[in-house]
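The data below hold one chain only, encoded as structure tokens and taken in the form predicted alone.
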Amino acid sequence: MSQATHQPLSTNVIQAITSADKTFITLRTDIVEGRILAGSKLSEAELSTKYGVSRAVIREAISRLMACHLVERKANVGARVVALTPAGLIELYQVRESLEGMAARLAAQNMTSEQVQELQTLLDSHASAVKDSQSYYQEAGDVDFHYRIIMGSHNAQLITLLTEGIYHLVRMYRVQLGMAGPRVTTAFAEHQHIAQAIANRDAELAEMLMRRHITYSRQNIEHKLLS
């Protein structure tokens, strides 16, 4: 996802992309949030009936989900939702730690003052939810703390690698295994410290805190996977 200004789409263009895109986004959300179980087989016929679209639309959505690393296709098995495993978690979070650490460093250097303030405002809006419950659910996109920092890096290559590459697979682990329990309050505090380092334009500290935050998150999810 680039920082380029998006021009308004004509009504005809919007209508042309709505069905396929809406099905893809709905399927992606259902997988990330666990309504379609990790490791489960995907049947084009069943999904076509469930979502009220053609099998061709489902087939396209599955191909796009494979590009997001949420679905894999194996010979003699077909398409399946990826399984959430300790080994898969470790590999994914090693990459995430490195790339998001870099994003935090660049965000401290490149975020505008307005973006820094918006990041703090976002955390303020999260505070009441964290205080009142044992869950720290964040929607994808602009209301996700990590997404804001990724975009704040202002590095188009890094943004593409994260938002179009591993972002939704990371969210699948986070949403299903990492956004509830005692970890909630400490994760939120870590977000506050990262935001403060970015506000102080301390790039080295921002990167270190982000990498440490992701390490702690991985350890928390790994514990749940193994228990």
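As the structure is a prediction and not an experimental result, all values here were calculated from the model. Take the two forms, find the largest set of C-alpha atoms that superpose within 1.5 Å, and that set is the rigid core. Quick note: we count residues from 1 along the sequence shown, nothing fancier.
Another form, the form predicted together with a further copy of the same chain, is not on view; read the next lines as being about it.
- Among residues of the shown chain, A83 is not one whose heavy atoms approach a further copy of the same chain to within 4.5 Å in the predicted complex.
- At the 4.5 Å threshold, heavy atoms of T186 stay clear of a further copy of the same chain in the predicted complex, well away from it.
- In the predicted complex, no heavy atom of Q219 sits within 4.5 Å of a further copy of the same chain.
- In the predicted complex, a further copy of the same chain sits beyond 4.5 Å of every heavy atom of V175.
- Contact with a further copy of the same chain in the predicted complex, judged by any heavy atom within 4.5 Å, is made by just one of E114, E91, D142, D124: E91.
- Put simply, of A199, V53, L37, I166 only one has a heavy atom within 4.5 Å of a further copy of the same chain in the predicted complex, and it is I166.
- With the partner omitted here, the stretch from 186 to 194, 24 to 32, 45 to 53, 59 to 67 that lies within 4.5 Å of a further copy of the same chain by heavy atoms in the predicted complex is 59 to 67.
- Applying a 4.5 Å heavy atom cutoff to a further copy of the same chain in the predicted complex picks out E91, L92, Q94, V95, S98, L99, M102, R105, L106 from 91 to 126, in order along the sequence.
- Put the two forms on the same core and the Cα of A87 is off by less than 2 Å between the shown form and the other one.
- Distance between the C-alpha atoms of P86 and V77: longer in the predicted complex than here (change of 3 Å or more).
- Distance between the C-alpha atoms of T23 and N76: shorter by at least 3 Å in the predicted complex than in the displayed form.
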